[in-house]
Ligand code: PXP
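First comes one chain, alone, set out as structure tokens in the form predicted on its own.
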Amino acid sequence: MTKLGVNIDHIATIRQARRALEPDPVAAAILAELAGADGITVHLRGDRRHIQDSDVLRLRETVTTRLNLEMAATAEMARIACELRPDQATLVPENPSEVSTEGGLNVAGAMEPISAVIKALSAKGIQVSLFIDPDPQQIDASAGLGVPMIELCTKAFSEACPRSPDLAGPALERELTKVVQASERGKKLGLNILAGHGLTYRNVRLISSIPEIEELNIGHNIIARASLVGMERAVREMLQAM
């Protein structure tokens, strides 16, 4: 069965809206794990718009599954990751003006600086993943850097299927085919394949059924449902949908 990593960034988004103490991302992580999540993901952004350094420190002490730290490929973030030692670090692109991550990392266009961060993290025993678009050039470049895994960005797929797949047009099949072919290509190159971004309870099955994909990282849609039905139920329902 495909594993589920739950991204709890937007629990912190709610908290930071009032600069309050609650809701606590650590409490959300515990509930997600109790509900069956295989891992917890957080993105420590340069602008600290949601997750804070103290959150990651407390999560490192609390998470009992696997802690995945999403981070920009910068010297600052590499230093923080090397000190905290999450189980996994996923390198992502970051734009201060974006609402959310807008696409995959341009690995092919920045091999040298990305390679330097990979080496620093790997030296501390941190598994490194690269968040990339389902593009052959980016997959080949990622494999060339020697990382054990990649996470395919499903943003375009999700935008083609915002509601029921039955209501989607031809763009859905086109974007799904890209993810399928990218998964197959990455697997042939010896990479472990993860995927995520914008996935919902309605469209997730199309991605989780791709044989090569081992794990999905899902955040916003789970937190949105959790605000109505509770964290544990929201995670269990996503696992069921997968």
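A quick note: this is a predicted structure, and the numbers were derived from the prediction, not measured. Residue indices: 1-based, along the sequence shown.
FYI, the form predicted in complex with the named molecule isn't displayed, but the following is about it.
#### Entry: Stretch in contact in the model of the complex with the named molecule, which is absent here, among 56-64, 24-32, 180-188, 211-219 (heavy atoms within 4.5 Å)
Partner-contacting stretch among the options: 211-219.
### Message
Under a 4.5 Å heavy atom criterion, is G39 part of the interface with the named molecule in the model of the complex?
### Response
Taking the distances in the model of the complex, the answer for G39 is no, it never comes within 4.5 Å of the named molecule.
### Message
Whether V92 contacts the named molecule in the model of the complex should be assessed with a 4.5 Å heavy atom distance threshold; does it?
### Response
Although the named molecule is absent here, V92 would touch it in the model of the complex, with heavy atoms inside 4.5 Å.
### Message
Can you work out whether F157 and the named molecule are in contact in the model of the complex, taking contact to mean some heavy atom pair no more than 4.5 Å apart?
### Response
Taking the distances in the model of the complex, the answer for F157 is no, it never comes within 4.5 Å of the named molecule.
### Query
Applying a 4.5 Å heavy atom distance criterion, does S115 contact the named molecule in the model of the complex?
No, no contact at 4.5 Å.
#### Entry: Sole residue of T74, S122, S100, Q137 within 4.5 Å of the named molecule in the model of the complex, by heavy atom
The residue from T74, S122, S100, Q137 that makes the contact is S100.
### Message
For a quick check, can you give me the residues of 127-161 that have a heavy atom within 4.5 Å of the named molecule in the model of the complex?
### Response
Contacts from 127-161: F131, E151.
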